Ligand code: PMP
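Just one chain follows, in the form predicted on its own, and it is written as structure tokens.
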Amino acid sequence: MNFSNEVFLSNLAQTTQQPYGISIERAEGIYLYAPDGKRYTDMISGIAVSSIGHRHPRVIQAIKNQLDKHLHVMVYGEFIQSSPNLLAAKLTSLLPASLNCCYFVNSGTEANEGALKLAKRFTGRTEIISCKKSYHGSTHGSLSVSGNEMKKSAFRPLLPDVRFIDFNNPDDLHYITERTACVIMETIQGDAGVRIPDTSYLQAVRKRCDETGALLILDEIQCGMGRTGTLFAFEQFGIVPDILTLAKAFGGGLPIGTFIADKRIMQCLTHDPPLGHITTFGGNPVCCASALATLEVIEEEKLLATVEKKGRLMEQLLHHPSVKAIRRKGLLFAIDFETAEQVNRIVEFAKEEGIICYWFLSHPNSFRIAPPLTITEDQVREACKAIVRAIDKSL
């Protein structure tokens, strides 16, 4: 074991007893490179983060330009800075008119924490409704509204007054009442294994929230930023949330999240009490510059136009006799197999083939694929051949 491995295992906190455990020295485009030169194709984008590839030149230049100006100068919300201003202007220009005010934070879970606080503060209500099998983050509030009890039980007590309903089941919508502050749901459930709702269901959720005065929070931390073929997944369902949360791919590789709402809603965090939500590093100017460049790359390189075509090609190439099901929206995949053990074998054999794929913690007999949107059709073919070889080896 070399020194770097010793440090990784001894001096860095571990999240599991079996980390993925490859060493990475550099990254470029869809590829990661080990110190010995071995190349890996990143078919999960660092769990839906590097959606325009690693170290996109436009993003790197934007970061360098901001570094020459300034880094952190003040906690969120006090100083006027061009980088977050430009990002907020660009982001809201791409959203429906009612999503016109951004609060920039550091991560997806913090975006959801802020969204939950905002909904409770604005409505004056306490009940939160979420969905079974959902995942919204690992901090206490976000964990409280996540639907996987295995991840939660060791950390109780969590937030009170949280009710869980079945995702994509309109029969449960009567649980949304005048007591409900908000309904929080992923537009497409990610960690549950890419669960795609019916359009009629999401429209019924929107209607029920309107009838009861509950706010609808859509968590697009994993499925947003073009992953499904539109910049925001909710665009495909004919609804608009009251609050939208983004992170992961939003930063182009740097840590940033946001919750977005109408200004009249967001304004309630400024009083009774003031600093109703506050973050030291939220709106970090370097992260905002990276996020702005990411939005510009998606737009100017017309990446959304090819997502569905590449997704269909990949789905065709990954059909295999041992595949039980493929669920896909754009370039977000869950591929089901008979057992979790087979999935683990596939992931390990894919690693040997130089392919990075992964599993879902909440649906262990599936493995995930979510490659950079910049992947070419030739790269899709090459990667899928290697994945099929890994599936064959797993049998």
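Remember, it's a predicted structure, so these values are computed and weren't measured experimentally. Each residue number is its position in the shown sequence, starting from 1.
This next part talks about the form predicted in complex with the named molecule, which is not shown.
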Although the partner isn't part of this model, could you tell me whether Y135 comes within 4.5 Å of the named molecule in the model of the complex, counting any heavy atom of the residue? yes
Does N112 make contact with the named molecule in the model of the complex, using a 4.5 Å heavy atom cut-off? yes
So, in the model of the complex, is D191 in contact with the named molecule at a 4.5 angstroms heavy atom limit? yes
Closest heavy atom of K248 to the named molecule in the model of the complex, within 4.5 Å or not? yes
Of the options S144, S107, S83, T180, which one has a non-hydrogen atom that comes within 4.5 Å of the named molecule in the model of the complex? S107
Can you pick the one in I221, A261, A119, C287 that has a heavy atom within 4.5 Å of the named molecule in the model of the complex? I221
Heavy atom contact within 4.5 Å of the named molecule in the model of the complex, the stretch among 213 to 221, 227 to 235, 148 to 156, 195 to 203: 213 to 221
Within 310 to 349, the residues that have a heavy atom no more than 4.5 Å from the named molecule in the model of the complex: none
